[in-house]
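There is one chain below, alone, in structure tokens, taken in the form predicted alone.
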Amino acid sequence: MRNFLLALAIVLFAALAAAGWRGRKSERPPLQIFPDMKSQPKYKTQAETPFFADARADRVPVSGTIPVEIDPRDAYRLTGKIRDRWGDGFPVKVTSALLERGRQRFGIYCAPCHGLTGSGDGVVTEYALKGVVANFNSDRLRNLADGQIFWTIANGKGQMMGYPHIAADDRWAIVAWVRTLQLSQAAPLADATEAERSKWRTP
């Protein structure tokens, strides 16, 4: 009996030594007796890899394909593309409610960097990224297709991270508000009322 108890104690001590005390924190990686699927060789997001010629671990979708969860009949609304080209125009009805929603979402996600007028002078530029943030009122960005702006909101570009968690219709609302800002900053005089035009006439 004594030998049995001694053997049992040794086994219990070995098990505790291998598993570690519960509640104790350690910076060392845990001892995994049966790792199963917990530890797998993988590349983290935006990591480098020698496997591909461009050294990027993240791969772009195959040209001409769309995610399986996207209905091809609704692809433009969800991707901003028509086949392999940027689409133009809005797949949702542009209303005052949509513009208001776009103004709100723009203020939350875009204005900190791009500024309330989209001029690239948000509060973030006072501390970093000065001269890097895109100005929506430049000719280059005015000429972008609506679908390309939509895609950039979701996927990011350059220093800008993507916002894929913003719902598709909210992204279109933001695009509509960006177009509103662009028009407000460079509206042709002919579009103004007679009363407004008279203010700008040269005496």
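Predicted model, so just to flag it, every value in this text is computed and none were measured. Sequential numbering from 1, following the sequence displayed.
Not pictured, yet referred to below: the form predicted in complex with ligand HEC.
- Of the candidates Gln159, Thr65, Ser26, Thr49, Gln159 is the one whose heavy atoms come within 4.5 Å of ligand HEC in the model of the complex; the others do not.
- Under a 4.5 angstroms non-hydrogen atom cutoff, ligand HEC in the model of the complex has Cys110 among its neighbouring residues.
- In the model of the complex, ligand HEC lies within 4.5 Å of some heavy atom of Ile174.
- Contact check for Ile166: a non-hydrogen atom falls within 4.5 Å of ligand HEC in the model of the complex.
- Looking at Arg140, you'd find a heavy atom of it within 4.5 angstroms of ligand HEC in the model of the complex.
- Counting a residue when any of its non-hydrogen atoms is within 4.5 Å of ligand HEC in the model of the complex, the hits in 119-156 run Leu129, Val132, Val133, Ala134, Phe136, Arg140, Leu141, Leu144, Gln148, Ile149, Thr152, Ile153.
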